[in-house]
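Just the one chain here, laid out as structure tokens, in the form predicted alone.
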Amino acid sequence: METITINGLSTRASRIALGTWALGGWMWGGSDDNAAIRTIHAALDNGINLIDTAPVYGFGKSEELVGRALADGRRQHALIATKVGLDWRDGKPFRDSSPARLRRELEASLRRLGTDVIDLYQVHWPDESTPIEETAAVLEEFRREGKIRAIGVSNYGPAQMDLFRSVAPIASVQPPYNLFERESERDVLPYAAQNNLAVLAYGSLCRGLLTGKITAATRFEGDDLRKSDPKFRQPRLTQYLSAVAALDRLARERYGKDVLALAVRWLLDRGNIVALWGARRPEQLAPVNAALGWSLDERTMRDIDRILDETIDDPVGPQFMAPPTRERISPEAVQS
């Protein structure tokens, strides 16, 4: 397993992290507790020591499953990265990074995770209703108290990170980033490189599109978020599937790999990046090793860009996933 240093952590982090949104079930069509715990164990057994979770993933369930999976003595072998700053009502999240909310969330996360310290504590989304410096001051208080080891932010831009860093150190930033969603290359990634921040790339396989297993006939049930993702609707879906097919041919002809390995390797070769690998069954981790121990050359990087230019006429980003601010929801939801 390839590893990187995250400032504030004494243990090097695996460059593949287990993403646990799907384990919580919410927006992924449900969850299987036993399979989830086996998946966490399989990740650790395969050298993945960074586990990324959040209270809003299953509204506490994902964190509880991580805690249960690590309760047998495996906690010492894992780095827990969780988040703060989203509240919810009736299954609908909204942003809230107020000091009172942060303090309640920290204690609840520690309890669900069954630990006395969180390795990497990340603000999930910027909250326009709370001064960023105020949020930063509370997290720095947690760090000085020894309840968290390092601070990260997620979905923050450079100006927001500057404000945060005027009060507290940031060790990492977590943007959406994959072959198809590259907006963070304009500002977030250069900022991270300039300021020695680790990048935890979420959506590294673009919600399954880059696994090569999605087809035009694939159907998504229940609350699966891909039902509202513009990439999975026509005519865009055909364009993205054409890109996946061409990328798969390139990977097989040049490296003897498939599109999944190519997509993850592409991410790892872009900088000081950890790729979040979402899985809810152990077998979904089987392809991890195929992405490790090799690199893409410059010719392949250029060919990947050419394929995207030739196949995708109407690209779209991950903006549909952004939760509302407190101003955009009812007062009753905020007060409850």
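A quick note: this is a predicted structure, and the numbers were derived from the prediction, not measured. Start at 1 with the first residue shown and count on from there.
The form predicted together with a small molecule exists for this protein as well; it is not shown, and the discussion that follows is about that form.
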The unique member of N46, Q284, T300, N272 whose heavy atoms fall within 4.5 Å of the small molecule in the predicted complex: Q284
In the predicted complex, the residue from H124, R149, R112, R101 that sits within 4.5 Å of the small molecule by heavy atoms: H124
Triplet D52, K83 and N155 all within 4.5 Å of the small molecule in the predicted complex via a heavy atom: yes
Stretch from 234-242, 68-76, 210-218, 131-139 whose residues place a heavy atom within 4.5 Å of the small molecule in the predicted complex: 210-218
The small molecule contact in the predicted complex: T20, any heavy atom under 4.5 Å: yes
Partner proximity in the predicted complex: K61 to the small molecule, non-hydrogen atom cutoff 4.5 Å: no
Non-hydrogen atom contact G203 with the small molecule in the predicted complex at 4.5 angstroms: yes
Any non-hydrogen atom of L276 within 4.5 angstroms of the small molecule in the predicted complex: yes
